[in-house]
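Okay, so here's just one chain, in structure tokens, the form predicted alone.
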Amino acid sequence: MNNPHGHRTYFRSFLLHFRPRNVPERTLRLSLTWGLGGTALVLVFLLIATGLMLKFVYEPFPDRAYESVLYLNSNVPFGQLIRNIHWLSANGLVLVVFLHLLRVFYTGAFTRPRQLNWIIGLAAFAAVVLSNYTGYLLPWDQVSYWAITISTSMLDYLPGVGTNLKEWVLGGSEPGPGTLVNFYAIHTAILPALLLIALPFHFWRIRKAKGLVIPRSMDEDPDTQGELVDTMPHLIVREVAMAVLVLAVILVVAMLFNAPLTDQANPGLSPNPTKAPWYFVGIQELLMHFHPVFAVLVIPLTLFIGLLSIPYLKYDTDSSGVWFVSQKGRGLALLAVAVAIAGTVAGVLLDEQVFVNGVIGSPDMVSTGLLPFAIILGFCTGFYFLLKKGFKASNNEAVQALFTLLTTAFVVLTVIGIWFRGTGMQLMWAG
């Protein structure tokens, strides 16, 4: 006789491949993780579902791409809504994954035995950004066409391989039919496949490391997690509720606001100003102040190597699970935020008035970007040693503060590029 509860047992067993059988009751609080990982997963599935629907209408050819988007918006039942959901989910996913990365970092959830999962998370973040970037061009309107044009032109500054790499990415010397086909294939096939491989591996590594690192206060005993409760229903119900909330928010916002669509792309008429996609505007802003080789290669590569090395640095204490390492660590992180905001704004204003006009430094040093880069490198090095010597910070606290300084500076550059650059990329007041 068939077991009437067989389907429930199978469902429970399937879920427990991704979740432990029991979890401490106190770890169920939303404020510990804010559901960022689960939210990202929901957005990924939303993107796949809506993307599959859009493929039935969209045509990846310059002479038909824009018209197919117009047809989708006007003639396909719920077409505009589906595109809105896809656009919101794509941009929301970049923000959510970034916030998730910050949560992992500031709770020390990257140390042994989770180093590899930090690397996997960075790879997934890169795939998310590239997925958003390759999808940005597909509407083939003025904003998307010129955003891709300006951002891919940055590749020209890579020594040796830049021009060839740009032509390979674009399928030519400038955005055209080859670009649209390349971006469409990467956006709809390659990157989704990579994400569908990376995410399960990411979850499996979490299980292998005995579950999530639960954020706690510095004086809280990590072994006193409270009474154990069954994952099903206590954890699963909460995760389902969070998923439903995310879906509801996306749906409501998608009903109120339409995804942007400007005039059809015109290669002969660029908008003024022409800006890269918002997540690359920080790099575009760097180009305003540094030699292109430093802005496009040296600085991003240095930061990338730094991010990869974070789990493998030597730390004084095991702060896994402790928010901001310690009370001092929290204070130093706030200090880093204040210094980054003040220093970045002051540096941008000073550069506009002084370095650009060649008032400081020899013309050769300014033109090659050595002086601005040397100043920034010296400032970061000095800040690190100030933390170590002046504030007696541990390695954990000093690395955290330096990470905070650089992250905040990049966010400030992004904000300046988006809202404070006007016609001719001149500084202006927002609005």
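Numbers for residues come from their place in the sequence shown, where the first is 1. Being a predicted model, the structure only gives us computed values, none of them experimental.
The same protein has a further form, the form predicted in complex with a small molecule, not shown here; the description that follows concerns it.
Asker: Only one of these stretches, 258-266, 338-346, 98-106, 159-167, has heavy atoms within 4.5 Å of the small molecule in the predicted complex; which one is it?
Answerer: That would be stretch 98-106.
Asker: The small molecule isn't shown here, but in the predicted complex which of 393, 54, 65, 44 has a heavy atom within 4.5 Å of it?
Answerer: Of 393, 54, 65, 44, the residue with a heavy atom within 4.5 Å of the small molecule in the predicted complex is 44.
Asker: Quick one: from 71, 315, 125, 278, grab the residue that has a heavy atom within 4.5 Å of the small molecule in the predicted complex.
Answerer: The residue from 71, 315, 125, 278 that makes the contact is 125.
Asker: So, 81, 85 and 243: all three within 4.5 Å of the small molecule in the predicted complex by heavy atoms, or not?
Answerer: Not a single listed residue reaches the small molecule in the predicted complex, so no.
Asker: Decide whether residue 40 counts as a contact residue for the small molecule in the predicted complex under a heavy atom distance cut-off of 4.5 Å.
Answerer: Taking the distances in the predicted complex, the answer for residue 40 is yes, it comes within 4.5 Å of the small molecule.
Asker: Consider residue 184 of the chain shown here, and say whether it contacts the small molecule in the predicted complex, taking contact as heavy atoms within 4.5 Å.
Answerer: Close contact is absent here: in the predicted complex, residue 184 is far from the small molecule, nothing within 4.5 Å, heavy atoms only.
Asker: I'd like to know if residue 130 sits close to the small molecule in the predicted complex, meaning any non-hydrogen atom pair within 4.5 angstroms.
Answerer: Looking in the predicted complex, residue contacts with the small molecule do not include residue 130, since no heavy atom lies within 4.5 Å.
Asker: Is residue 117 a contact residue for the small molecule in the predicted complex, using a 4.5 Å heavy atom cut-off?
Answerer: Taking the distances in the predicted complex, the answer for residue 117 is yes, it comes within 4.5 Å of the small molecule.
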